[in-house]
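The form predicted on its own is given below as one chain in structure tokens.
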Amino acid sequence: MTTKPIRGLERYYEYRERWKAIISDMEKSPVPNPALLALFRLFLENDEKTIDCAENNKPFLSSWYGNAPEIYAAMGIHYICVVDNLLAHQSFTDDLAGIDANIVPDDMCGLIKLGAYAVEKGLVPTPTGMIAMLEPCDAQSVLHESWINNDAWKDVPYFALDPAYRSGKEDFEYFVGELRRMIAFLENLTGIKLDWNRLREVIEETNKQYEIWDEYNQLRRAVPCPGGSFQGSGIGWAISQHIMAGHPGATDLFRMLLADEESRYKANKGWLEKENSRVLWADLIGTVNAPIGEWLEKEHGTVVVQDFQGYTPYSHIDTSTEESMLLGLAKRNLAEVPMIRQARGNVDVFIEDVIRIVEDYKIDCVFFPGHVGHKDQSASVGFLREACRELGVPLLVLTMDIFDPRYLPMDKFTHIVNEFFETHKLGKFK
């Protein structure tokens, strides 16, 4: 008698074995990178939890960042983001080719296309429940609709947090009510009661993580920058949003990142031997960042010093009462996590963040990726151009899909940037 395989786990077994192989190879290296090793161990641990939940009928959720994952963590409920592993393993799979055959229109965000493809093709296990996201883009609502119309997911109970439009006290208080509704949904779904003392512990651990991340970023203001392009953004984002919130291993990894950068800062050494220019990448970094960062550093002596994904305007959450914790989580998830911070409400926060980063990090030019899924931000280019003109920094407006490197191939990207840098005497033309 053969046992029917659990839908979605075949791909997760692949992920698990790949992490194990990578970790094993790194451990055998004469000079292992301790930060990457710690990161991959956290990824492996997370995938093993997903497999354990699916194999043993333990509750787990499908969710997104910005949905207060601190609450799931405090309840001991495991959670996944459907697209995380697809993005992390993109270079090892043919998923990008797979989405081309999907019914999702070509001009939609690659993240949305990957999410629809993953559930349709059974690349993720079916969760116990789904916490949907109604912000910051309309396409995410459509994605959830596609999921609940899938035969494997049609009976999955779901809940969506209704976001407030603005960022005033009354808006955060309204969102506190949404968080309480989500807690009631989760308690009813799983039979697990929220332990408020455990929530306090989780939040206090995340407070530590965001404080260390902010300290790391303060050092990046130095000229020359003591860290590399996009360094900290990818790792910090992953361990703060896509593994169990408040994991002490994530705190240790933030400390490792800080110590590494601090050693160069104290020695007055930059990441590059000669730093010509400093860039702000005004959006999330997606999966296109690694080759772009390497090329800018090697070809132009240029460092992407900051981006919206690595920017950390997080506030310390007061854990003295239940209400103060929920109010802090409402503010963190409505007004501080990237993309939701810049895309929800009016254009003011987006422009104010650009101005603050340009001034604080001594930025020489701004790259606006023009991500195909961020049409809301593309509608703000006029405001951005005016702000950059007043700041006296050149602005490069691109059109790309930050989750699909095929949209703007690397050779076209480098051609555009070379012309831009030559025109404005930046990079190797400085």
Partner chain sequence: MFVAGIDLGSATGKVVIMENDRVASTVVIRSTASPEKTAALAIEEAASKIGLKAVSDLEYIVGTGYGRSGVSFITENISEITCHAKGAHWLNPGIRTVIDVGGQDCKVISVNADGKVIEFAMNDKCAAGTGKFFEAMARTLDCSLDEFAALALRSGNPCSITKQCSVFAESEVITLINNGERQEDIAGGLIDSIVRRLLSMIYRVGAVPQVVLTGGCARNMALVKSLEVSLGIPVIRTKEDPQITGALGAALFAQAKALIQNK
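Fair warning: this is a prediction, and the values are worked out from it, not measured in the lab. Positions refer to the first chain, counted from 1.
Quick note: we don't show the form predicted together with its partner chain, though the next part is all about it.
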### Message
in the predicted complex, is there a heavy atom of its partner chain that lies within 4.5 Å of any heavy atom of K28, even though the partner is absent here?
### Response
no
### Message
Can you tell me if Y15 lies within 4.5 angstroms of its partner chain in the predicted complex, counting non-hydrogen atoms only?
### Response
no
### Query
Taking the shortest heavy atom distance, is E10 within 4.5 Å of its partner chain in the predicted complex?
no
### Task
Could you confirm whether I51 comes within 4.5 Å of its partner chain in the predicted complex, counting heavy atoms only?
no
### Query
Among A35, L42, I363, L395, which has any heavy atom within 4.5 Å of its partner chain in the predicted complex?
L395
### Message
Can you list, in sequence order, the residues from 390-421 that come within 4.5 Å of its partner chain in the predicted complex, counting heavy atoms only?
### Response
L395, L396, V397, L398, T399, Y407, L408, K412, H415, I416, E419, F420
